[in-house]
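Only one chain is shown below, in structure tokens, and it's the form predicted alone.
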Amino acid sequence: MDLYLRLIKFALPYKTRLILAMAFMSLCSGAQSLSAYLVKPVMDYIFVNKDMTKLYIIPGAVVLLFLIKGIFEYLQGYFIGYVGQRVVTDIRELVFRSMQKQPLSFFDKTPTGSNISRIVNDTALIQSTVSDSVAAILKDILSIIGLIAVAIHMEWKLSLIAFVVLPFSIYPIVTFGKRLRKIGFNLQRYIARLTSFLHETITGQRIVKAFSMEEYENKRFVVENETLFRIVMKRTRIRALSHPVMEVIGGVAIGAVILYGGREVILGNSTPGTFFSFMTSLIMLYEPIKKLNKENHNIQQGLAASQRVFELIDRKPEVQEKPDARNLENVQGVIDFSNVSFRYDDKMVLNNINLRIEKNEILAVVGKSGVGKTTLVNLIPRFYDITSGRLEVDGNDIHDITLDSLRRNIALVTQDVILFNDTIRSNIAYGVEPDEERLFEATRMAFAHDFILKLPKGYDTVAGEKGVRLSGGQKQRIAIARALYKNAPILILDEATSSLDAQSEIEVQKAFENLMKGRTTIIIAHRLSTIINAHRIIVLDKGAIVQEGTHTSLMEQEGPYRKLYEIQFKAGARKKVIPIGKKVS
């Protein structure tokens, strides 16, 4: 009930349309009750008394009644449908906004398919709960009330007999509803799991085909699909059982009424018109009761979906902005780590990092895989929050700064370039109205302008999902142009050239030269030969800084940097690598 009331609160902004819908539902139910009442004059005046006048009047009244009922039904359906769609649209937007507030750790732990399922599948089920089922239930309840009134008016003794059975019809509605709610929750959770599986398999088709694993993935899908089938069949069994149970209960009530009512007509204590009018109202009353059982199934499934949706809406992100946070203005790009530590789950990733990065300095961060290089730079824009210590930008604790103003002053270029399925122009001027002059300047500095013009539609060419229509070097230069367009004073390069071939790397390095000018730059490098001209290099090991200096000074020392460099030099002695920070002719 708490879940249901919470869903209904989303309808309050549209209460005018909701009230109109309920009003037309009431009129529609009244018309339906009146149609049951008309059975009496049809039987008594036409078939028993053979009144020719009534023969011409009553059919016209019946047609008019059903016309009015149809108009009321259309209006209530339109208004309740509008409310339901608006509520679901609002909930879907709220879910998406809540998801956007979550830190990277949430997306690390939650499969993409599960998040997609919450926004698409779960909210779709809520829509039927809020609009279709609500409309049907209100209409059925009003119809039941109206038909009960007609039945009592016709024959109160027969009504008592019928209503003795009525409480038994409530039991299966409640009992089956509880079981369906539990199954519905598991079903939605498993649909999310299947969506995740499909997302991984479809986006990973290159690997699937490269390893000839099509049949392996087919078998995995069969297992997942069969599990979903079994869960759905549990729900189907309960739904299939509930209908005959309701039929038996209804049959008992009707049988008892025919026995007693027929006796009263035979004895002359009642007229055939009164009896058949009562029977009509009873049969019509039985229909909305059956529908209540069916709609309860839909509601329970919708409530199970809403439980998953509200779990995300109510989730408080670990990275939160202070109420009194201030904007970061006139950024110089000085970054200070003071005794910074970071724990991810139960693992300590960084230990007591003390580091100062000066304005316009090029700092390289190196070390073996898994020592915390990417984590270190992810702390600066608060993708994750530090566990202890203090992290400052221009002397301002980043926890005292608004997330928007902090991240607006940081540009990021990564190894895995993310381009959206939009035009090249929109990808570069991401999220803002493009300034043509500024856009062209950024692409020229990124050495991307010429190849963009050669694309089928130039700047209006759609990049494809994740930039699939572009080469690795082209995507990287688009990412550099995006960073140049943003014009942030702090730049983070996270292994930005490690996936490129030698020719592409030469082209990209020229663009990096322009990008790093006048910016505080932090470079995470896998290939050490690319950062020999950095102003300073730090070496991370087991979450701590173990060495610091220039390439020359570190090579003069016995230590991990020299060992790493010698290993890479031997492995790639024949491969020419252009250092970041060195001019390329």
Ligand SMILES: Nc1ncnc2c1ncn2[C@@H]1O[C@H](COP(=O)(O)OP(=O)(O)OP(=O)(O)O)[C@@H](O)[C@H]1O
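Since the model is a prediction, treat every value here as computed from it, not as a measurement. A residue's number is simply how far along the shown sequence it sits, counting from 1.
This protein has a second form, the form predicted together with this ligand, left out of what is shown; the following refers to that one.
K.L.:
Name the residue from D460, E318, D108, E436 that puts a heavy atom within 4.5 Å of this ligand in the predicted complex.
P.N.:
Checking each option against this ligand in the predicted complex, the one that comes within 4.5 Å is D108.
K.L.:
Could you spot which one of F221, F96, Y344, F420 gets a heavy atom to within 4.5 Å of this ligand in the predicted complex?
P.N.:
Checked against the cut-off, the match is Y344.
K.L.:
In the predicted complex, which of 475-483, 364-372, 321-329, 222-230 comes within 4.5 Å of this ligand (heavy atoms)?
P.N.:
So the stretch in question is 364-372.
K.L.:
I183 near this ligand in the predicted complex, any heavy atom under 4.5 Å?
P.N.:
Residue-level check for I183: no, no contact with this ligand.
K.L.:
Consider V349 of the chain shown here, and say whether it contacts this ligand in the predicted complex, taking contact as heavy atoms within 4.5 Å.
P.N.:
Although this ligand is absent here, V349 would touch it in the predicted complex, with heavy atoms inside 4.5 Å.
K.L.:
Does K54 make contact with this ligand in the predicted complex, using a 4.5 Å heavy atom cut-off?
P.N.:
K54: no, not in contact with this ligand in the predicted complex.
K.L.:
Since only the chain is shown here, I'm wondering whether H551 would be in contact with this ligand in the predicted complex (any heavy atom pair within 4.5 Å).
P.N.:
No - in the predicted complex, heavy atoms of H551 and this ligand never come within 4.5 Å of each other.
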